[in-house]
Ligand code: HXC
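As a starting point, one isolated chain is supplied in structure tokens, in the form predicted on its own.
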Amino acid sequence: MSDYSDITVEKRQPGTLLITLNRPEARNALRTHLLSEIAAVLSDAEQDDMVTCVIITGGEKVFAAGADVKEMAEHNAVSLWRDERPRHWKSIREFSKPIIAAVNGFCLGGGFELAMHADIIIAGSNAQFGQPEINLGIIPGAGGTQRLVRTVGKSLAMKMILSGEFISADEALTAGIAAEITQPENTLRRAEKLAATIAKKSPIALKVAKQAILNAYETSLEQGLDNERKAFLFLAATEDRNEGIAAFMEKRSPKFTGN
């Protein structure tokens, strides 16, 4: 893999790419350069048929404590309007393959927004989630107000964003933010096990399934059902669908190719 300064990138197992935030001195604060590196890695992974699933983590102690406040202080309204960060967030948002966030420790502000860009969050028992931007006289700026309310509902989203208070891993699980809780030392291991399971599935079916689920945020139930049916019919024309059915009938493991 190419050299990066704010992240490390590894192919840990077949089909899985691991991105680790690597600014321990700043508790993995998301400066612009870090986001640009994540966007660049995902752009390459989008075109890499050997990558089926991506894991993003920050390590056992902290996921990301927020945006880089020192960098933020250098901006004004005009420079923020010209800022490249929205372009990087868009690249992360539009990545078509599954993303798992393995979250330990603080997952705050921009770090929480990054985790919510993932499709599945595995949380360590020491994880804390929050949008504390209100304490700086600002609001979340990378989708926090929109994604959080769609996940947890109005009341809890209002509480977290207006008060800046954090919630625990247990509360995050109850609220639907996290899919599972593990011991901090096992968070990445569990994410890798789940990624290995996902990586064995049909790459094209994974992309279609992810998009169908995300479409539920944007459409009515009727439109969503129509979109789902069209996606189902599309997959019926793929080689992977035929292989999956044949493997089931023959009682063997399927060999998916993404076609």
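The numbering used is simple: start at 1 and walk along the sequence shown. The structure displayed is predicted, hence computed values, not measured ones.
Omitted here: the form predicted together with this ligand. The next part is about that form.
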| property | result |
| --- | --- |
| Proximity to this ligand in the predicted complex (heavy atom, within 4.5 Å), stretch among 127-135, 153-161, 183-191, 167-175 | 127-135 |
| This ligand: the contacting residue among Ile38, Cys53, Ile56, Ala65 in the predicted complex [heavy atom, 4.5 Å] | Ala65 |
| Listed residue (Ala29, Val208, Ala199, Leu42) with a non-hydrogen atom within 4.5 angstroms of this ligand in the predicted complex | Ala29 |
| Residue contact check: Arg85 to this ligand in the predicted complex, 4.5 Å heavy atom | yes |
| Glu25, heavy atom within 4.5 angstroms of this ligand in the predicted complex | yes |
| 4.5 Å heavy atom contact, Lys70 and this ligand in the predicted complex | yes |
| Non-hydrogen atom contact Ile122 with this ligand in the predicted complex at 4.5 angstroms | no |
| Interface residues of 106-145 toward this ligand, as seen in the predicted complex [heavy atoms, 4.5 Å] | Phe106, Leu108, Gly109, Gly110, Glu113, Pro132, Glu133, Leu136, Ile138, Gly141, Ala142 |
